[in-house]
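Alright, here's a single protein chain in two forms, structure 1 and structure 2, each given by itself as structure tokens.
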Structure 1
Amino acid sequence: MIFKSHRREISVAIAIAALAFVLALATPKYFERENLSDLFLANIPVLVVALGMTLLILTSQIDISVGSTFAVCSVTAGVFAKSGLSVAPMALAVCLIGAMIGAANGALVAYVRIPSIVVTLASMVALRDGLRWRTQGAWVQDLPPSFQWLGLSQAAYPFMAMSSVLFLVVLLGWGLRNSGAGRAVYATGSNPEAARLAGFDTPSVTFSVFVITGALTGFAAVLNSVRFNQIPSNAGIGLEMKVIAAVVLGGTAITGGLGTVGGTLLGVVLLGMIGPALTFIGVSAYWERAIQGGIILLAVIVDAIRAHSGKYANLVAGRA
């Protein structure tokens, strides 16, 4: 029963173990402490954004503007830090800006009823080009020492980041399984009309998950920005592809209503391993994007087959 209900997560876990085994034999240097530390720090922001994307896809929505939102929030974090704002207010302000961008997207999707792919595509272009125009492509430099590593030591920061992200994983995982809000998310993605008739305010659910995703993207931008002494204005390019691929790889149905936070965590781990693994074994890193696109396409095909099979089974049962 456990295998049947979590077969996608178990399959991804097996793939992670198999890839780790192959890498251990082919290139043991992959598991050196410095490389593992870099992998962990680089994928922490990806996981944070992926948590929000999981909520969105569970409600049968999508946000392809998260990379642009990430860039805006990253640059904003640097500007706030240079203005003298301390770490905590800076992080809160950046998360609020991310939430506001998510709210704008969510309002258009939930209440104006524009498809999320259209809204977030427009938002992606507007935010990216607007930021390019505002910064003229210049990076944020001369950041104060208190900004880097959130004012902690380089050794202490990873533990703080890991604790924060694990808290989010546990909180969202528990909430989806056990809370009324979690049931509303699944119900909205499974069948919006049935959810409405059951008493769920589906527009509010949709709006809320966009806001949460925006806030999480802002938090991810802070966690990423503090690792460096300058912030590029083109941060987050390709982030949306990696995040969506990780979510669907972890078992979240692209059509909504099915998926888990644990699956997303495993998806991020596997995709985070693949990119550097290609470099270590001498394969062009450009294949990473092709793999991500292939994963998304495969997930769409699988969900389409599953939906068609379900309709056929219902038709047969109705005739019987």
Structure 2
Amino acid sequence: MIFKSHRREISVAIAIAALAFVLALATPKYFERENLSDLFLANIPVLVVALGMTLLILTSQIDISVGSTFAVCSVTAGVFAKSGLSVAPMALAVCLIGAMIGAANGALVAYVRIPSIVVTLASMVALRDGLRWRTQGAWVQDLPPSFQWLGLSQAAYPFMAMSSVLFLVVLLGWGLRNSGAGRAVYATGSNPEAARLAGFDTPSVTFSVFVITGALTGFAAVLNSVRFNQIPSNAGIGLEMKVIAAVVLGGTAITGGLGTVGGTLLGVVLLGMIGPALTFIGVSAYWERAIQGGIILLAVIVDAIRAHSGKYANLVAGRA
């Protein structure tokens, strides 16, 4: 039973295991603690945003403006920090700004009922160009010393970031499975009309999910920005692609109502480990993108072939 209901998750886990096996043979250095911790830190933005995106895709919505939101939040984090705000209020304010952007998207999708891809396409280009206009491409520099590592030490920060992100993963994973709100998300994504008739306030569910994603994007921006002592105004370009790829690869059906946080975690792990792995193996950078694309295609092809025997296939392989 578990094999059937978590088919994609298992496919991705197999792919990760295979990749890890090759790496263990070729370059054992890859698994040194330092590298793994760096990898984790580097993938925090993708993972945290992917948590929100999982909820969105589960409700059969999508948000392609997360990369631009991420950039806006990163820059505002720097501006707040420079204006003398201390760490906690700064983080809170940035999350709030992310949530507000999410709320604007969500209101247009849930209450004006414009398709989410249209709304977020618009906010993606508008936010990105708005930021370019405002900053004229200049970076935020001369940040106060308490900004980097949130005032913690370089050794303590990864621990703090890791535990807070893992807490989020567990919280969302547990909440989706066991809470009423989680059921509302699945119900809205599976069949909005049925969910409505069953008494769920589907527009509010959609709206909240957008707000949560926005806030998580803000949080990701804070966690990422504080690793450096200056903030580029072009942050997060292409983030939406990485995030959506991870979520969909992790088995969340783009048609909604099907998928898990665990699958998303696996998707992020697989995509996050490929890039540096190719460097470790010594693949030329010129072929890297082709190989990455090939691995994604291979993972879904293997999955499709595994599914071909079962009747379950039609249910899972939704149309995008």
Partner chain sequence: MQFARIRGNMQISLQAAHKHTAARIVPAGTWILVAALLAEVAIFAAIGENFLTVGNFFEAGGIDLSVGSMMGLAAVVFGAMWHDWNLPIPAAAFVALLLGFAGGSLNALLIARLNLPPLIVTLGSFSLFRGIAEGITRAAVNYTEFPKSFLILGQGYIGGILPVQLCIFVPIFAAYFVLLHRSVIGRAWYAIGFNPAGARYAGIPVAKRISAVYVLSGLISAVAAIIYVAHVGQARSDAGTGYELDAITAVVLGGTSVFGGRGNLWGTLLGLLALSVLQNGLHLAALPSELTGLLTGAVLIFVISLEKWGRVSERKSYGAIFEEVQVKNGQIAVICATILMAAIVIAGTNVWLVHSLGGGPAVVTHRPVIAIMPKAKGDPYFVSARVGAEVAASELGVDLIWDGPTGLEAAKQNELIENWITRRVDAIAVAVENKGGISTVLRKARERGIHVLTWDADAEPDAREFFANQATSEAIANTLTDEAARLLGGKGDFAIITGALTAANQNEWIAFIKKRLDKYPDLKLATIRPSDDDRDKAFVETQTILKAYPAVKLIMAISAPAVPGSGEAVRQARRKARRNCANCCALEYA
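As the structure is a computational prediction, the values presented were derived from the model and not from experiment. Numbers follow structure 1, counted from its first residue as 1. Just so we're on the same page, rigid core means the largest C-alpha set that superposes within 1.5 Å between forms.
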Please identify the form predicted together with its partner chain: structure 1 or structure 2? 2
Quick check: A24 between structures 1 and 2 - does its CA shift reach 2 Å or more after fitting the rigid core? yes
Would you say I254 moves its Cα by 2 Å or more between structures 1 and 2, aligning on the core? no
Between structures 1 and 2, how far the Cα of E34 shifts once the core is aligned, in Å: 4.4
What is the C-alpha shift for L278 between structures 1 and 2, rigid core superposed, to one decimal in Å? 3.1
